[in-house]
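A single chain, nothing else alongside it, follows as structure tokens in the form predicted alone.
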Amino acid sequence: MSDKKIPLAGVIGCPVAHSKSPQLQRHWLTAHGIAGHYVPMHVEPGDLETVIRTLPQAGFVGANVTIPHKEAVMKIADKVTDRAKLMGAANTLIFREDGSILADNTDGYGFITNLHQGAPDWDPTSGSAAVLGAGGACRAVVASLIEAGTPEILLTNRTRERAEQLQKEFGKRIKVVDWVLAGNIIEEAKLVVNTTSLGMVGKPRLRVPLDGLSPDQVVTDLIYTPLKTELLQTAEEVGCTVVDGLGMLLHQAVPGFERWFGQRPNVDVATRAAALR
């Protein structure tokens, strides 16, 4: 028998039973022939630091972090990447050989990479982006669009103050628009992004006028339950290029897997099927 340590990783959340990350990561482990394991871990907020500090001693090489711990882990980590600081949250932890913990955020990478894969003709510099919502997911979207060169981000949120706070943090390329005018910015934009939970299974509908959509637009929704939201259904009927939210989940997982297990996985048809299984 080999005495080599089996690398372990997992996802930390509260709750975490709904997460698709375990089936995704297990698919990649099998595809690459890696003798590792990836497990879901339900961790209460009061136990978070104790659990994270213990994991490396148990053979863990890293972990994904989901709601409600994305902000809290930044205070526990020994080092936080610049992009995690910019987004105010971390979704990936790397337990390094020297015993230190690195916190990173790969959500922006996942968002942009998913867009390029689902809409290969999309040019981020070609026009404005209409972004609905101003919560935690929005920060990753805004930061990645700015980095990609999008000239203007038309940002709207049901609570205007939250959008204005993001404008203060991210600068002049953000233009805040009242929620009642969301239909207008959709009509103006080359890219339309829903970062809210509206339209998700169990949540209220996204009650925003969509009659301004046109075939030359790219429309994406961060929601992946359902996979095709009402927004995406309507956009598809109009002739827009639509990109569902599952791809963002898949692509954001790639950097972590590579750091933990030493192989860079592909996001392909088999990967999507594994996540939806």
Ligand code: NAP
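Values in this document were obtained by computation on a predicted structure and should not be read as measured data. Numbers for residues come from their place in the sequence shown, where the first is 1.
This protein has a second form, the form predicted together with the named molecule, left out of what is shown; the following refers to that one.
A.B. asks: If we define contact as a non-hydrogen atom of the residue within 4.5 angstroms of the partner, is A134 a contact of the named molecule in the model of the complex?
C.D. replies: Because a heavy atom of A134 falls inside 4.5 Å of the named molecule in the model of the complex, the answer is yes.
A.B. asks: How about M248: is it within 4.5 Å of the named molecule in the model of the complex, going by heavy atoms?
C.D. replies: Answer yes; at least one heavy atom of M248 falls within 4.5 Å of the named molecule in the model of the complex.
A.B. asks: V65 versus the named molecule, in the model of the complex: is there a non-hydrogen atom within 4.5 Å?
C.D. replies: V65: no contact with the named molecule in the model of the complex.
A.B. asks: Would you check, heavy atoms only and a 4.5 Å threshold, whether T159 touches the named molecule in the model of the complex?
C.D. replies: Yes, T159 is a contact residue.
A.B. asks: Pick from A148, L198, I101, M74: which residue has any heavy atom within 4.5 angstroms of the named molecule in the model of the complex?
C.D. replies: None of the others qualify; the residue that does is L198.
A.B. asks: Tell me the stretch among 117-125, 79-87, 182-190, 136-144 that has any heavy atom within 4.5 angstroms of the named molecule in the model of the complex.
C.D. replies: Result for this chain: 136-144.
A.B. asks: Since the partner is left out here, which residues of 217-233 would have a heavy atom within 4.5 Å of the named molecule in the model of the complex?
C.D. replies: In sequence order, L222, I223, Y224 come within 4.5 Å of the partner.
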